[in-house]
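A single chain comes next, written as structure tokens; it is the form predicted alone.
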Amino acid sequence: MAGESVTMTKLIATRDVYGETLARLGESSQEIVVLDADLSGSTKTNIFAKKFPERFFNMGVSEADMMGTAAGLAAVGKIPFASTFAIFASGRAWEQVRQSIAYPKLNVKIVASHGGITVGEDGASHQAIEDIAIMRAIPNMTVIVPCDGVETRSVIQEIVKYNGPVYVRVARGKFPVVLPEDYKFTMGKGMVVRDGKDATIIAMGLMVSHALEAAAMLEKEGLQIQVINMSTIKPIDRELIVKAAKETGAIVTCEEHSIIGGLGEAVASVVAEECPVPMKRVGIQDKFGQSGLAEELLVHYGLMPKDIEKAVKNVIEKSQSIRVKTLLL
């Protein structure tokens, strides 16, 4: 809420929560099966493998085969979770995801780890900054990016109940926990995590915590900034976006992803069609990643709270200018 301080001290890797939650769900649902492309130690599906070895399949370094096999398992009534790094799930296996999973709308859950530049030292070849855009473009595909460990747990619990293909991006690094323990994820709905009237920041993943920090910084300057956690990128919460645009008159989007095809463009399409207001996209500016420490890369690519603060001031200035011009007409 506006006026409240932001306290984010607990750090949890969303991939860890994915692995733990999946293993717990395996106890209550015999239909859940898990496939991994020889990266279970990194995606954390190894937790499920230890508990249910008969329902775990290491497909080796063959992501396309993994997706095709997952489609076959879904066709006979299983609930397959297929995991690998985001760069491989969205890139190397794209044709199988499109043709074998999304086209027939099969019940496959693709949970990809190591999304974004916070993969760090692995470098550009392993830093998926296009995966959201790629998956958004596929018909029938739901796309989700949890903002912290609490939301990741709820997301995995909810997508098991949903009949259809889903892409979930989780991360290698540890994120600040920003949501209460009793939070319940609702597919297709964003959540206001901080109230404000002067502008709105719409963020996903790690960037939600950065957005909250930026809002706290701006509060010291007398600005009340609304922050929205938009964890479902597709289908996007059009109603909430339009409401924010009408009430605050300025929007900034924040994503650990290319500004092309990701959250920013999803929000911009709604704003342009429904309620045009000044808007700025904070994200990776059409560049590849590079090797480095996660924090250093976030600074280098302009994804820190101070960068969001600057973008918010920019859209507020534009919004105020438009209001003045309107009054003079």
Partner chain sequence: MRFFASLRMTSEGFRVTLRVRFLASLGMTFSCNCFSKIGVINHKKGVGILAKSDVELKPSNTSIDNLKKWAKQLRLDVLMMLNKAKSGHTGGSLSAADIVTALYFYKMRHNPKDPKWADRDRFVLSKGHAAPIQYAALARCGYFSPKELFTLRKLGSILQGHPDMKCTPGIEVCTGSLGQGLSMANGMALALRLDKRPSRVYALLGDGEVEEGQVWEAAMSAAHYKLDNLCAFVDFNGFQIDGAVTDVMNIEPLSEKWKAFGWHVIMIDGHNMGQIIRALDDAETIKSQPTMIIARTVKGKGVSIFEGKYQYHGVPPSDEELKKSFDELGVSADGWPEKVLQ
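Residue numbers count along the first chain shown, from 1. Small disclaimer: the values here were computed from a predicted structure and weren't measured.
The same protein also exists as the form predicted in complex with the partner chain; that form is not shown, yet it is the one meant from here on.
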Checklist entry - So which of 167-175, 102-110, 118-126, 206-214 is the stretch with heavy atoms within 4.5 Å of the partner chain in the predicted complex? => result 102-110
Checklist entry - Of the options Asp195, Glu95, Glu239, Glu247, which one has a non-hydrogen atom that comes within 4.5 Å of the partner chain in the predicted complex? => result Glu95
Checklist entry - Of Ala64, Leu39, Val277, Met304, which one comes within 4.5 Å of the partner chain in the predicted complex, counting heavy atoms only? => result Ala64
Checklist entry - Do Leu179 and the partner chain share at least one heavy atom pair within 4.5 Å in the predicted complex? => result no
Item to check | Partner contact for Gly72 in the predicted complex: the partner chain, 4.5 angstroms, heavy atom | outcome: yes
Checklist entry - Does the partner chain come within 4.5 Å of any heavy atom of Gly68 in the predicted complex? => result yes
Checklist entry - Might Val33 be said to contact the partner chain in the predicted complex, defining contact as any heavy atom within 4.5 Å? => result yes
